[in-house]
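Heads up, the chain below is alone and in the form predicted alone; it's given as structure tokens.
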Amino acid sequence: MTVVGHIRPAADDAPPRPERAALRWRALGLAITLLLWTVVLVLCLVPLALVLVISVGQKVEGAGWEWGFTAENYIRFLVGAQWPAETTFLYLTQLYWSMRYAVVASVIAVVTALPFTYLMTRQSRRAQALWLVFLLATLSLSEVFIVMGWDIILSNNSGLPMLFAASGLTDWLKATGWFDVLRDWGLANPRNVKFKTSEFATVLTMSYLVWPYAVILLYPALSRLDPSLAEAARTMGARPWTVARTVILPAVRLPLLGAVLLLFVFLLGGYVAVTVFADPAKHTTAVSVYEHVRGSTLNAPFGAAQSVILLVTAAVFLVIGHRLSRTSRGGG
């Protein structure tokens, strides 16, 4: 018996197998892209939109709030709650301290990380890898853990002030006149040096928090720097500072600016270090936001308005930094 098989002819419009596989991968890529955009919209834009909406709402007596459309919260931030009868700049002052802490701490972190990172890039690959692993490991420590550690170090009873007194350094500072200078700076009381509460301790802790980030941000640019340029400058008789000023700094000026801006934005919302080390009169907008949203004040619309202003401040500095980088790149 003869069995006759039926062979179905291929459709004329069916694409070849390689093209069908490419179409499947393209569809998969499109689906992943849509999923990522959905995640971005849900996790980023939706909370931002809610904060914007809440910031124009109205507080209700009894720690509640209701939907509305008013600029009262923003006016309060700029000129105070009693305006126009009375004008106060309490919240603008808090924004000033937010920017001051963030600028000073980010600059200190980048300036101190620059020579360390440069020397690290001149070591062997194995040594560089070990340093990078160590720095990445330090990033696993929480901000609370680090601040509490500095709280112990700077404590008046068990930290550096006690060591100053026990070693006789406090007496030496009094004998040389430096103790009075420290008192003028708010770093000493009538008996001994003190670091809590002070702007010095606040900035020191905040710069320590972001110092590993500064090293990691500067590492790629400094590792790509040609060592022969510095060697040629030293061969021609240039001193180390001249080499750094004329060779190294111009080559990494844009990464330096970018690192300062990123760390500034990161520190602009710093909370734990400010609450532990800063004087209450020098608290920041981030502390005020928490007090109005979760603290004793319970005024969510005003807290949301402060958050929006803090976000706008960060965006303005990023735009300024971007324009400066473009100008510098064009001039270079």
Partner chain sequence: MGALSLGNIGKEYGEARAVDGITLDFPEGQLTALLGPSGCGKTTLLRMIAGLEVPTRGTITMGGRDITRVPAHKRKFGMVFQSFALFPHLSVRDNVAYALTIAGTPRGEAAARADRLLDLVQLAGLGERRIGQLSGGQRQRVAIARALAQEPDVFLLDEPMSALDAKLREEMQVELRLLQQRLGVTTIVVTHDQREAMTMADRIIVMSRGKVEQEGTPQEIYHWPATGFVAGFIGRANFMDGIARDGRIMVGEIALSLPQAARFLDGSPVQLACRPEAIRMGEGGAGANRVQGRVTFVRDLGPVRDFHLETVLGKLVVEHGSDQSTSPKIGETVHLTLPPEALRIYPRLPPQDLSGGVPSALAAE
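Everything numeric here is computed off the predicted structure, so don't read it as measured data. Residue numbers count along the first chain shown, from 1.
This protein has a second form, the form predicted in complex with its partner chain, left out of what is shown; the following refers to that one.
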item	value
Candidate stretches 194-202, 250-258, 131-139, 95-103, one within 4.5 Å of its partner chain in the predicted complex by heavy atom	250-258
Its partner chain: the contacting residue among 165, 153, 229, 221 in the predicted complex [heavy atom, 4.5 Å]	229
Listed residue that, although its partner chain is not shown, lies within 4.5 Å of it in the predicted complex (heavy atoms), from 235, 189, 158, 124	235
Interface membership of residue 88, its partner chain in the predicted complex, 4.5 Å heavy atom rule	no
4.5 angstroms heavy atom contact with its partner chain in the predicted complex for residue 82	no
Partner proximity in the predicted complex: residue 240 to its partner chain, non-hydrogen atom cutoff 4.5 Å	yes
Contact of residue 246 with its partner chain in the predicted complex (heavy atom, 4.5 Å)	yes
